[in-house]
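One chain follows as structure tokens, the form predicted alone.
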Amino acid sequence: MTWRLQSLNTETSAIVIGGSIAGLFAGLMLSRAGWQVDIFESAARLDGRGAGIVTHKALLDALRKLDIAAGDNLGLMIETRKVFDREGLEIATAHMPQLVTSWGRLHRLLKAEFPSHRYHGSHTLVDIDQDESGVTAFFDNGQQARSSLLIGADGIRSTVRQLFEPSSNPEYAGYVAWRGLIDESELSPSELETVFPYFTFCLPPGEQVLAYPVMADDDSGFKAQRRCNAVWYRPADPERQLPDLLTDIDGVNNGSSIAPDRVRPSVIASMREDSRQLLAPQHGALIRRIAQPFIQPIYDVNCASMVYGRVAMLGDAAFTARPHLGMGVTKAAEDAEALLRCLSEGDPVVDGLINFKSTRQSVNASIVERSRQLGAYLQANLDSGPERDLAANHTTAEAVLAETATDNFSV
């Protein structure tokens, strides 16, 4: 194969692997500071991926630093959280104003700010080579790019992480999330009044359901239509239940994940029947109304190091936390800010990256550990009595209201 050089090395040039939200935060932070940045994404396009995102103060601060408005253009404000019991009665409530958005809307806002000629789709990374003067990325289409810095922001299945830490694989947490979006127009007048405007929960034994509104987004741009984001966390044994869930309509086991249109109808039917037996009527109705439910196995990722020479990893490529803190996107934004800060202190790139590692490595590990604690009671198997006792601290309605996707967490 003949490799074709795509970008030249300069003292302040960067290659970002991954064009999702983490990669765009990194690319925008650096480019606004005068760096020459190219983003390389393996997919031809990413529009429409993901679902709801609960924002945190740090995320909104990062958007403001990029001069991206974080108001009605970003999402919806939810004022109140509620917990329903199995009979549908409200058993706990909390006034907790919080802005929520969707993956598609946030991704579109960020991508609109990044120079389109420096965002390259259909580039799958296959190898990295670095020396004292720079780092070179090689792609499956025969192209290569060279710069003074490479940033791995390519998500939970990061190729960058695999090249440097082949043993740092995602670790299955013992449960899955059934999730999906329901258009506002499909909800009944009663649901629009009593469920849709709120952040709501239902807590069957060893399980959890949550739902909240998000703003819809499509290829034509921002639209006023809203959707309900519904998620149901359920234990799934790794030896028996998970392989069954991930075996598709052709009888092929998909390994670690499965596309929504490949899930067997019998699996969906069983889940919907369980929703009648286990969930509050409000949440059961929402779950059954999802036209094409998505199964998301929950994983943890801890990298051994966020930095290898001139290569840095951030976002889910470095650390993937369970979703209960709702900090995946916020964590990526904070990583990008810290990276820029460390690179702006006048030290050589390699020294700046060492400072970045010391700034963010332990913080991210703490976020992963805290997320494990919040989700431990959902696991199919807990190893010991002390683990079960610790997990029980996070099962009450009051704890779930106070701890899920809030800023009530410090490291």
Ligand SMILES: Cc1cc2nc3c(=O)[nH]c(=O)nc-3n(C[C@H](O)[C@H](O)[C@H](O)COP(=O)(O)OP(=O)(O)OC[C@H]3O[C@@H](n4cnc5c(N)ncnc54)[C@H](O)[C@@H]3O)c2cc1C
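Since the structure is predicted, the reported quantities are computational estimates derived from the model, not experimental observations. Residue numbers run from 1 along the displayed sequence.
Just so it is clear, the following notes concern the form predicted together with the named molecule, a form of the same protein that is not shown.
When contacts are judged by a 4.5 Å heavy atom cut-off, Gly52 counts as touching the named molecule in the predicted bound form. Although the partner is absent here, Leu125 is a contact residue: one of its heavy atoms lies within 4.5 angstroms of the named molecule in the predicted bound form.
In the predicted bound form, the named molecule lies within 4.5 Å of some heavy atom of Pro323. Residue contact with the named molecule in the predicted bound form: Val209 places no heavy atom within 4.5 Å of it. Note on contacts: among Gln282, Thr330, Ser275, Ser148, the single residue with a heavy atom within 4.5 Å of the named molecule in the predicted bound form is Thr330. This chain is drawn without the named molecule; in the predicted bound form, the residue among Gln296, Gln144, Asn302, Thr247 with a heavy atom within 4.5 Å of it is Gln296. For the three residues Glu41, Leu46 and Thr159, a heavy atom within 4.5 Å of the named molecule turns up in the predicted bound form in every case.
Partner contact region in the predicted bound form: 308-316, out of 308-316, 183-191, 257-265, 88-96, criterion any non-hydrogen atom within 4.5 Å of the named molecule. Of the residues in 352-368, none comes within 4.5 Å of the named molecule in the predicted bound form through any heavy atom.
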